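Okay, so here's just one chain, in C-alpha coordinates, the form predicted on its own.
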Amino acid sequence: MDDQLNRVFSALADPIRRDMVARLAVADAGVNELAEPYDVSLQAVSKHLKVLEEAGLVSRTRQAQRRPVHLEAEVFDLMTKWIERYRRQAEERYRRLDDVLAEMDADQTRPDERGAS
(Lines give C-alpha, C1' and ligand atoms only; values in the text may rest on other atoms or scores of the structure.)
Protein backbone atom coordinates (compact mmCIF):
# COMPACT_ATOMS: atom_id res chain seq x y z
CA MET A 1 0.00 0.00 0.00
CA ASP A 2 2.75 2.48 0.92
CA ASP A 3 4.54 1.83 -2.38
CA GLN A 4 1.39 2.61 -4.37
CA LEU A 5 0.70 5.64 -2.21
CA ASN A 6 4.23 6.89 -2.89
CA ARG A 7 3.72 6.42 -6.63
CA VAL A 8 0.38 8.25 -6.51
CA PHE A 9 1.69 11.26 -4.62
CA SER A 10 4.82 11.34 -6.78
CA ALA A 11 2.70 11.25 -9.95
CA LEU A 12 0.53 14.08 -8.64
CA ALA A 13 3.57 16.22 -7.79
CA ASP A 14 3.70 17.42 -11.40
CA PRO A 15 1.28 20.25 -12.31
CA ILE A 16 0.61 18.89 -15.82
CA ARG A 17 -0.32 15.49 -14.42
CA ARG A 18 -2.54 17.07 -11.75
CA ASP A 19 -4.29 19.05 -14.47
CA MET A 20 -4.74 15.91 -16.58
CA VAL A 21 -6.31 14.14 -13.60
CA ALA A 22 -8.64 17.10 -13.05
CA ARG A 23 -9.69 17.04 -16.69
CA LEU A 24 -10.16 13.26 -16.65
CA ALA A 25 -12.42 13.63 -13.61
CA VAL A 26 -14.86 15.38 -15.96
CA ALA A 27 -14.62 12.92 -18.87
CA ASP A 28 -12.39 10.33 -20.50
CA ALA A 29 -10.12 11.76 -23.20
CA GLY A 30 -7.68 10.66 -25.85
CA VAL A 31 -4.00 11.51 -25.81
CA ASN A 32 -4.44 14.23 -28.43
CA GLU A 33 -7.26 15.81 -26.42
CA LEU A 34 -5.17 15.71 -23.26
CA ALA A 35 -2.19 17.25 -25.08
CA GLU A 36 -4.11 20.25 -26.48
CA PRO A 37 -3.63 22.80 -23.68
CA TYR A 38 0.05 22.06 -23.07
CA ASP A 39 3.06 23.38 -24.90
CA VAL A 40 4.75 19.97 -24.87
CA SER A 41 5.16 17.18 -27.40
CA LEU A 42 2.80 14.22 -27.70
CA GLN A 43 5.73 12.10 -26.55
CA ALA A 44 5.95 14.15 -23.33
CA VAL A 45 2.20 13.77 -22.77
CA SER A 46 2.53 10.02 -23.30
CA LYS A 47 5.30 9.92 -20.69
CA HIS A 48 3.08 11.81 -18.24
CA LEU A 49 0.28 9.34 -18.91
CA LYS A 50 2.65 6.42 -18.35
CA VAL A 51 3.54 7.81 -14.90
CA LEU A 52 -0.18 8.19 -14.09
CA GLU A 53 -0.83 4.64 -15.33
CA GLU A 54 2.02 3.17 -13.25
CA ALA A 55 0.58 4.92 -10.19
CA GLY A 56 -2.80 3.36 -10.93
CA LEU A 57 -4.48 6.74 -11.45
CA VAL A 58 -5.49 6.15 -15.07
CA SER A 59 -6.05 3.30 -17.48
CA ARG A 60 -6.38 3.15 -21.24
CA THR A 61 -9.03 1.19 -23.05
CA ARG A 62 -9.59 0.49 -26.71
CA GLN A 63 -12.77 1.72 -28.38
CA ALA A 64 -12.52 1.03 -32.11
CA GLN A 65 -9.64 3.24 -33.33
CA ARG A 66 -9.67 5.38 -30.20
CA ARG A 67 -7.77 4.66 -26.96
CA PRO A 68 -9.38 6.86 -24.33
CA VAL A 69 -7.70 7.49 -21.00
CA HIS A 70 -9.92 6.76 -18.01
CA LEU A 71 -9.47 8.05 -14.45
CA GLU A 72 -9.37 5.25 -11.86
CA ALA A 73 -11.24 6.93 -9.01
CA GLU A 74 -10.67 4.01 -6.60
CA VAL A 75 -7.09 5.17 -6.12
CA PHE A 76 -8.44 8.33 -4.50
CA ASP A 77 -9.98 6.14 -1.78
CA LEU A 78 -6.47 5.02 -0.84
CA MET A 79 -5.28 8.64 -0.67
CA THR A 80 -8.35 9.74 1.25
CA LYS A 81 -7.89 7.01 3.88
CA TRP A 82 -4.25 7.99 4.34
CA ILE A 83 -5.07 11.70 4.64
CA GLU A 84 -8.05 11.06 6.91
CA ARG A 85 -5.93 9.02 9.33
CA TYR A 86 -3.50 11.89 9.83
CA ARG A 87 -6.27 14.49 9.91
CA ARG A 88 -7.91 12.63 12.82
CA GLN A 89 -4.59 12.43 14.67
CA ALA A 90 -4.00 16.16 14.19
CA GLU A 91 -7.53 16.97 15.40
CA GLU A 92 -6.99 14.86 18.51
CA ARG A 93 -3.74 16.73 19.27
CA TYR A 94 -5.54 20.06 18.86
CA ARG A 95 -8.36 18.88 21.17
CA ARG A 96 -5.80 17.97 23.84
CA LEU A 97 -4.08 21.34 23.38
CA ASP A 98 -7.45 23.11 23.70
CA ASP A 99 -8.09 21.22 26.95
CA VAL A 100 -4.69 22.22 28.36
CA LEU A 101 -5.20 25.86 27.36
CA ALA A 102 -8.70 25.91 28.85
CA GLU A 103 -7.35 24.47 32.10
CA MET A 104 -4.55 27.05 32.18
CA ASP A 105 -7.08 29.82 31.59
CA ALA A 106 -9.31 28.46 34.37
CA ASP A 107 -6.31 28.34 36.75
CA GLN A 108 -5.53 31.99 36.04
CA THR A 109 -9.08 33.18 36.66
CA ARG A 110 -9.57 31.30 39.98
CA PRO A 111 -9.06 33.35 43.15
CA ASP A 112 -5.84 32.62 44.97
CA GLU A 113 -6.81 29.95 47.48
CA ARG A 114 -3.46 30.01 49.27
CA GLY A 115 -4.08 33.33 51.01
CA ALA A 116 -7.68 32.60 52.07
CA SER A 117 -8.28 31.48 55.68
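Residue numbers run from 1 along the displayed sequence. Quantities reported herein were computed from a predicted structural model and do not represent experimental measurements.
What follows is about the form predicted together with the DNA, which we do not show.
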query	finding
Residue contact check: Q89 to the DNA in the model of the complex, 4.5 Å heavy atom	no
Proximity of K81 to the DNA in the model of the complex, heavy atoms at 4.5 Å	no
Any non-hydrogen atom of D19 within 4.5 angstroms of the DNA in the model of the complex	no
Heavy atom of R85 within 4.5 Å of the DNA in the model of the complex	no
Stretch 15 to 39 - residues with a heavy atom within 4.5 Å of the DNA in the model of the complex	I16, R17, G30, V31, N32, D39
